[in-house]
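One chain comes next, on its own, written as structure tokens: the form predicted on its own.
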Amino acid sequence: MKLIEQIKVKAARLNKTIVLPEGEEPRTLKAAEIVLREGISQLILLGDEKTIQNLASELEVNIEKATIVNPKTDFRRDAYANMMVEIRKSKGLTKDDALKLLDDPLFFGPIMIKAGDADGEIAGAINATGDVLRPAFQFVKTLPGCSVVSGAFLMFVKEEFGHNGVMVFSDCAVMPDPNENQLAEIAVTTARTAKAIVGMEPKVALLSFSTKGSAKHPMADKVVNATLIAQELAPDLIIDGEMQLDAAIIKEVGELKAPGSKVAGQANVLVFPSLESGNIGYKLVQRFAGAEAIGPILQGMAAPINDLSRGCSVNDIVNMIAVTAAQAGGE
């Protein structure tokens, strides 16, 4: 069974509720029909009920099992606004301001999760990443003890690489230039994502243009220090660096450049030193090698809230709903 099918089976077993703020978007409704038909999760569609129903009729999709919530008229608005004011009182948020924010589905969704009325969220088919993440950062916040949110991609590559052809790349979506402490946290959270979602024993390589001191530069030093910090943060995980890409994934090169490493030549989790390199890296593999990329899967949030590419397909949305529901299981 392919990994994504395993994730869907897990999601169906968990039976979590995922909120979709873009409930008036055609691809979202088509994906919702598939998710509901396959029993992957429960769904809440945000938007005007009449608009959603009319669009569903035009698209000839069945969303009868979905719950439709209009953020502008929902009975919980007052309670949600009070919750928002309490969370952001140090920032001077007033109740009137909170009620205005709740008109926006991108704010209403995270508050539903904060209140326990939903387990996770997917958005981004028609909204920029920053607009999706800002409400999540403000109201759902990060996991206790975690200061960094990052974005991982599941990469389906040739079977000789990674975990039976599955690798996890990070950070490819959020942190432009992480410092050594932030990079260490990204390495640890990505390893845990790989373990929880893929079921692999993570072997994490922190990437650089240098392998084990082969080059001297402050950029390489950052990765060296991040590796040491990550190893201290999570001594139970297999983490190594700094390491060039070929040393990380090619057995012969790894043995030559990093003899004795438990990661070199067999890495299944790749941690990039910056968002620039990570974003370029995953897209190169996706476009040149024809790898399937699922993500970004946001890590470090107190609840699973995931972003979509605005170029996403219906299948991409279905897959990310399944991933989000699996994340919500906390297994």
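Note that this is a predicted model, so its numbers are computed, not measured. In this text, residue numbers run from 1 along the sequence as written.
Missing here is the form predicted in complex with a small molecule; even so, the following discussion is about that form.
(message) So in the predicted bound form, is the small molecule close enough to K91 to count as touching (4.5 Å, heavy atoms)?
(response) Flag for K91 set to yes.
(request) Indicate whether the small molecule has at least one heavy atom within 4.5 Å of a heavy atom of L275 in the predicted bound form. (result) L275 belongs to the contact set for the small molecule.
(message) Against the small molecule in the predicted bound form, would K141 count as a contact residue? Criterion: heavy atoms within 4.5 Å.
(response) Close contact exists here: in the predicted bound form, K141 approaches the small molecule to within 4.5 Å, heavy atoms only.
(message) I'd like to check something about R134: if you look in the predicted bound form, is any of its heavy atoms closer than or equal to 4.5 Å to a heavy atom of the small molecule?
(response) Answer yes; at least one heavy atom of R134 falls within 4.5 Å of the small molecule in the predicted bound form.
(request) Only one of S214, T129, N225, Q231 comes within 4.5 Å of the small molecule in the predicted bound form by heavy atoms, so just point that one out. (result) Contact check passes for T129.
(request) May I ask you to choose, among I238, V188, V174, A220, the residue with a heavy atom within 4.5 Å of the small molecule in the predicted bound form? (result) Result of the distance check: V174.
(request) Tell me the stretch among 264-272, 41-49, 22-30, 281-289 that has any heavy atom within 4.5 angstroms of the small molecule in the predicted bound form. (result) Among the candidates, contact is made by 281-289.
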